[in-house]
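One chain comes next, on its own, written as structure tokens: the form predicted alone.
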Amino acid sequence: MISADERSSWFKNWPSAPIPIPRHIKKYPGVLDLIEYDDMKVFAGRAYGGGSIVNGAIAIEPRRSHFEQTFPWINSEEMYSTFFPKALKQLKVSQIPEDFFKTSEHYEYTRAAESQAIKAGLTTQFFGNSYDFDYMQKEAKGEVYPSALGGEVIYGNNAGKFSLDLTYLKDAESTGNVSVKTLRKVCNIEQLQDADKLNKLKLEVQVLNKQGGVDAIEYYTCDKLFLNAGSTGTSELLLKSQASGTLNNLNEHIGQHWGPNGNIMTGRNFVHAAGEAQSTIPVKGINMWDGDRDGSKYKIFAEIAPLPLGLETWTTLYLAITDNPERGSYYYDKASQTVKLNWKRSQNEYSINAAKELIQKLAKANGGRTSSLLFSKGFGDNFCYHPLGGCVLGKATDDFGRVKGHENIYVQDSALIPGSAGVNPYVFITGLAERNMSYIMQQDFV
């Protein structure tokens, strides 16, 4: 992270990061993008494998109560007995061996945060991850290339992490039925109206060069189109195509029900050493969602996050997920001819208050200070890693992701989830796609 070069960021002159890295780089198609709206910045993966390339590989089943509240009409028994377990298996999810966790210098930061939480009467819990912990233990012994233990995370892990290019996408390529084309940007989707092209779709695609310019325009025609461009990308494509008059049957829910998954970052200083050598793979969190909340009205799950700067910071860092009920929306702005996000920073009040409650409980029991230098007034509330919504299942689509009004367009990504997953959404998104595709394969590909 601290020596990021041009491979880190998608056509930026500075590395995209939640904490600014003052290092000038040349513009290049790097793996992490930072999409800047008026009051919210959204991190997005741009490599083959999308967000799985740049995430921390945290893989947690959504709470059943939260899932049932979000999609009450879906058979939750089927999800938790079949589709979520299948997602966990395909993503190669495991938990860190407890003896390694307890003794490794690379998790001193997690143990420091955990001891503070226990002293404050809060519950901590392990969670799953798509990282190869056998490989990590070899990293610790100096036997293999250090990836998680070498400071690699938000710009990809060069070894150890089972990102989608090593799981689902690798399996797809092995069929021989997949052709992959990178450095392509889809600009428009058109529903063709000709009688001999009934239900056909036409894509306009820019071919990008490594300086960000457009070398050519390509056109593709298809019978069925699957959009998996994430909440931001999928919503933008549909709204732009609607504005251009090439997708005229989209309903009023396109772009709606957006949320940042209650994301907020915060940290604490000067309580306990956090360790100079930190693993970039989080394995534990503080759970103030399911109890231990002393009657609080706020729900928060705080992932204990690394700060891999290679020096002792005396800082514990948290990426918190809150049950923020506020929602925003994407919309097409005719003046600028771009898609914008209708979201005000004030809508993060719930998340800030929830994070403050966590910090206050920890401070009361342990002392220390809020990390005011890391973020504005100690709380990073103007960016998110987990954008959700924009083409919500059962509203903008049917019950399985077919876009209403254009049933040969399918959405199977984070745009389906209305604003909050309650946890890191990796398994939620994957399990939902497994469920939807099982029915689509039966019904549409006989």
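When you see a residue number, it is the position in the sequence shown, counting from 1. Computed from a predicted structure; not experimentally measured.
Below: the form predicted together with a small molecule, not depicted.
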Tell me which of 328-336, 69-77, 225-233, 304-312 has residues with heavy atoms within 4.5 angstroms of the small molecule in the predicted bound form? 225-233
The small molecule in the predicted bound form: contacted by all of 190, 391 and 404, heavy atom 4.5 Å: no
Using a 4.5 Å cut on heavy atoms, which of 274, 237, 96, 358 is close to the small molecule in the predicted bound form? 237
From the list 419, 50, 380, 62, which entry has a heavy atom within 4.5 Å of the small molecule in the predicted bound form? 50
Would residue 45 show up as a contact with the small molecule in the predicted bound form if we use heavy atoms at 4.5 Å? yes
Please check if residue 40 has a heavy atom lying within 4.5 Å of any heavy atom of the small molecule in the predicted bound form. no
Residue-level question: is residue 184 within 4.5 Å of the small molecule in the predicted bound form, judged on heavy atoms? yes
Does the small molecule come within 4.5 Å of any heavy atom of residue 154 in the predicted bound form? yes
